[in-house]
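Before any questions on binding or motion, here is one chain by itself as structure tokens, the form predicted alone.
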């Protein structure tokens, strides 16, 4: 199949491209490296079935736009969007333009190609939820003008735009709401908790926990996430939304001590000020994705051990 992946140089995007290439597909990747990694593309470009375009999907240049419109893709995986809590102000405009103009540009390509489309939304659309677990029909608790709003509201707008194209133009699109994910190709500059802890461990620095560390998270390995994404693309309902993530909760404080134990380290834990916009917990209701036949295979201990062994081949 001929497949387009936006956000191909990102953490999830590069893993997705790798899996698609392993299946024998021809993949076109697009990224502008605003938060993606050139290292990921360098590794992928060794495969002759991968072609990469450096471009911003919210401002495609004429030549590359024409090339993409002419390809007639079988499938499109739309992952492009700047990420990262430290970027919520500095890249706010880019988040909003990617989720609006960029998503519309990709939807037009899908409409012209008559291709299937899968959009990776986020658990951020639930904001700081008041209902647990969050099912796909829950409208969330979002501050429309808060610090996190460029990403939260951007993803919510993308979902609305996509469902409009399903209803009005009949395109075959599905939406996946991604909960906390970790695994290979995470950037060391990523300030999400697992890459931050691993980087601090590598530098022999204390693991910094925000506040008392009692806020809860769930963590899904990227390989499990991608298996779920493939399943939704193949078997998901047209216009349907699916949560994908882990339903096993752990506090951030316990996560820090768990990583210290796995790494056989003597590193300490340091508590620092917690951002006011940090949510207390999110927990996905997974009945819909389970009904498609998906279940996570890699537990947190196994997944973290793989990362630590790769980053720190000699135990600290």
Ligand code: UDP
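Positions refer to the first chain, counted from 1. Note that the structure is a prediction, hence the values are computed from the model and not measured.
The form predicted together with uridine-5'-diphosphate exists for this protein as well; it is not shown, and the discussion that follows is about that form.
Though the partner is left out of this view, residue 156 does not reach within 4.5 Å of uridine-5'-diphosphate in the model of the complex, counting heavy atoms only. Using a 4.5 angstroms limit between non-hydrogen atoms, residue 242 is distant from uridine-5'-diphosphate in the model of the complex. In the model of the complex, uridine-5'-diphosphate lies within 4.5 Å of some heavy atom of residue 208. Using a 4.5 angstroms limit between non-hydrogen atoms, residue 197 touches uridine-5'-diphosphate in the model of the complex. Taking the partner from elsewhere, no residue among 76, 104 and 173 has a non-hydrogen atom within 4.5 angstroms of uridine-5'-diphosphate in the model of the complex. Interface residue among 267, 283, 252, 289 relative to uridine-5'-diphosphate in the model of the complex, by the heavy atom within 4.5 Å criterion: 252. None of 227, 184, 180, 141 but one reaches within 4.5 angstroms of uridine-5'-diphosphate in the model of the complex through a heavy atom, and that residue is 180.
Partner proximity in the model of the complex, defined as non-hydrogen atoms within 4.5 angstroms of uridine-5'-diphosphate, places exactly one of 186-194, 89-97, 165-173, 130-138 at the interface: 186-194.
Contacts of stretch 117-151 with uridine-5'-diphosphate in the model of the complex, defined by any heavy atom lying within 4.5 Å, are made by 124, 148, listed in sequence order.
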